Ligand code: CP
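Single chain ahead, by itself, as C-alpha cells, in the form predicted alone.
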C-alpha cells in the first residue's frame, strides 16, 4: 500500500473528506474510538501553536498513541531544510539527517511550518513541508504549512455539517478579509476556499483591492466547487458578502500581489480598519448565521467582542472539534498502516 500523507485535505476526495467530518461528530457524540496502542507520532513545530498541538496530543492519547513534540530552536536543534545549504550559521542540523532519524522512532511524522511571505514561487512550492516529505520515511501529517491548514479544514467542515446539515451543497458562506497589525500567511483562507469547493458550498470571498488570494489556488477551488454543485465568488464589498450568508468566516491575510511590496501593503492595511467585522455588518447575514474564526484572533481588530462573544459565535465549538477531527483523521491514517 502506498504511503498516505495528509497535506491539503483533498486526499480522500469530497466523500472521504466529509466522511471524516461525520466521524468526528460521531466521536464527539460518544462513539468509541479505535485504538492503536504502541503507535507513535513525532510532531515538529517550527512555528507557535496552541489548538493544533494540544488537540493533536489529546486526540492521540484517546487512541492510545504517544506523541513526542519538538520545538526546534527551543528544545531541539534548529533545523535547516534547504538542499545544498552551507551550514556555518545558526542551523545545527539538516532535515536530511534529522527527519530520517525521527522516522526510526515514530510511525507518523507531523510538521508545522508557515509561509515566508517573501518569494511567491517559493511559498507556492510549500518548500519546508516538501523537504520534510522528501526526507520522511513515514507518512506525513501537515499541521499547517505555507499553503494549507488541513486539520482546521476538518474542524470547519464538522462545524458546517453540525449547523447546516449533511448536505452542504449550495449553502451560503462568506469569508471576509479583516485588519491585522502585521502581514499574515494565507494558509487558512486558502484552505477555506479549497474545502468549501470540495463540499459544494456557495462561497463569497470579500477582500480589499491588493489583498487577493493566489489565483492558482482560487482556480482550483472554483473547479472543485463547480464539480460539487457549489460556487466561488469575489467582491471588494464586505457588506455585500454578508447578505444571505449562513456562516461568516473572518480572517486576515497578505495579498498574493503584495509579494515584493510588503511595506506598501502595510501602509494600505493601516487604512482598512473599517473592515473589522462588527455587529452592524454581521447583522446583514441571516439571523441564524454563525461566526467562525480559526483562532487566535485579535479582538476588536479582526472582529468585535460583540460578535465573537455572542450566542452566534461558533469559535469555541470549532476549536473543540479540532480534537475530534484529529482523532477521526488519525484513525484513518493508522488504519492504513495495518
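Since the model is a prediction, treat every value here as computed from it, not as a measurement. Numbering follows the first chain given and starts at 1.
Just so you know, the form predicted in complex with the named molecule exists too; it's not on screen, but the next bit is about it.
- Only one of 172-180, 84-92, 253-261, 142-150 places residue heavy atoms within 4.5 angstroms of the named molecule in the model of the complex, namely 142-150.
- 51 is the sole member of 312, 66, 51, 284 with a non-hydrogen atom lying within 4.5 angstroms of the named molecule in the model of the complex.
- This chain appears without its partner; in the model of the complex, the one residue of 26, 295, 270, 306 with a heavy atom within 4.5 Å of the named molecule is 295.
- Within 4.5 Å of some heavy atom of the named molecule in the model of the complex lies at least one heavy atom of residue 322.
- In the model of the complex, the named molecule sits within 4.5 Å of a heavy atom of residue 112.
- Applying a 4.5 Å heavy atom cutoff to the named molecule in the model of the complex picks out no residue from 207-241.
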